[in-house]
Structure formats: C-alpha cells, structure tokens
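Before any questions on binding or motion, here is one chain by itself as structure tokens, the form predicted alone.
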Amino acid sequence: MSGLQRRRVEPEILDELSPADPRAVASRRDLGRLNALMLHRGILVNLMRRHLTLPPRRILEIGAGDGRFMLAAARRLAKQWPDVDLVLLDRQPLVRPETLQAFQRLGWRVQIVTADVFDWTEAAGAPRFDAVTANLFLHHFREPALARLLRALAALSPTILATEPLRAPFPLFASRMLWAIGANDVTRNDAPASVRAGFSGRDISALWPHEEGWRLEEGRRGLFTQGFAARRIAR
C-alpha cells in the first residue's frame, strides 16, 4: 500500500484541455469505456435503487460531462421511475442533442446547467432534489474543498450517492496498463492520478457534516470502485 496511505490530489490533463481538443475528445471516449469496465453504471443504479425507496422526481448530477453516464443509468431505471426532472451540472457540459432526445424518449426532462459546482450548490435560491449523484468527480477535490461541497449537498438533498476511484494497489496497477486497451496519453496520465486521489475506508464519510439524522454507507464496490451513500433518516 506504499504511497497510497493518503490521498494525493494532482492536476489532471483533461481538466486543462479545451473540450474540442482531439486529445480531450479521445480521452472522454476512454472514460466511457472505463466506466463500463469498472461497472460504475450498475453500481450507481444499485445504490439508487437501494437508497431511494420512493420514485424520485428531481435528480441532480454534478460533474455530469456529456450526460451519457446518467443516460445509461436512466435506461435501467426509467420503467420504475418514468417521470423525472434531471439537472446535469458541469463547468463545461458537453451534452449532445441526441443525448437529450434519448432522455426525452425515456420520459426524463433534462435541464443543463453551466456553473461552478460551489457557486451553484451554495446559492441561496438553489432548488432541492430527491437525490444528488456524482461519478468520478469528488476525487478532484482536496479535503477542505470536498468537506465544503458535501455540506452544500447535504442542504440540497436527503440522498447523496457517489461512485469514485478506489485507492488501492490493484486499481493503481490496472490504471498503468491502459495502453493495452488503446487509451491515449491523457487517459494514461490521468487514470493513475485519479486512483491516487481516490478513496478507501471511510475517507468521504470522515468529511461529512457532523449532523445527526444521517446514515452513511461507504466501502469498496467491485475491483476498482469506492461507493458512498448518505441518506437522511426520517424522524
């Protein structure tokens, strides 16, 4: 576990590239494949089904990117949850018209919000949601900023769900082997950085606001993933 005892948040190349840069486009394609290999869609869907006992009406995804990750989850959920207002929040959203049309066919209405996650979630007029989800997003923040973000999310929703990189030797080893699936240089750099910035044990839970009335669940999900769920307990 040498070198992985503590989180190490480093700049990632993809965050610095223009969305239209061919290297960024290729890396986003790689991320889609990695989400599939890590089974993140299924893990998030299972978390949503487990922790949302009633069909949600409003869902917020932070760090939504091109929206295709949530679309894949929605395809598994829409029969049970056919009438959802979904907000996709990102600093640089890249949601294509065909993705919006696919959501519409499922009966999900989508609003795209271009904003800094802190500015938007901490705004006095920010709406409330039945659930907030994040995929491969929380690990970008160092502890003080992540604690601040979790406080803001706790004020927005009674259910927070996240799928993040597992900080462990095997995921780190696997992240260094992505040349074998044709990942480009951006992905080959950023994937190990994401693992080193990832989570293990109760890392996220330790930063959750110290308030009564919340049930936290955190731990390894599969080979590569740290799952996190926070649910407000009804009184």
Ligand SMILES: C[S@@+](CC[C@H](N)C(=O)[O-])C[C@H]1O[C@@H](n2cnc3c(N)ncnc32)[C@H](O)[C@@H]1O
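In this text, residue numbers run from 1 along the sequence as written. Source: prediction; values computed, not measured.
The same protein also exists as the form predicted in complex with this ligand; that form is not shown, yet it is the one meant from here on.
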property: A154: touches this ligand in the model of the complex, heavy atom cutoff 4.5 angstroms; result: no
property: Contact of Q80 with this ligand in the model of the complex (heavy atom, 4.5 Å); result: no
property: This ligand contact in the model of the complex: Q92, any heavy atom under 4.5 Å; result: yes
property: This ligand contact in the model of the complex: G63, any heavy atom under 4.5 Å; result: yes
property: Region of this chain that lies against this ligand in the model of the complex, out of 154-162, 71-79, 96-104, 137-145 [heavy atom, 4.5 Å]; result: 137-145
property: D15, L31 and V117 all contacting this ligand in the model of the complex, non-hydrogen atom within 4.5 Å; result: yes
property: Contact residue in the model of the complex, from S205, N184, N46, N35 (heavy atom within 4.5 Å of this ligand); result: N35
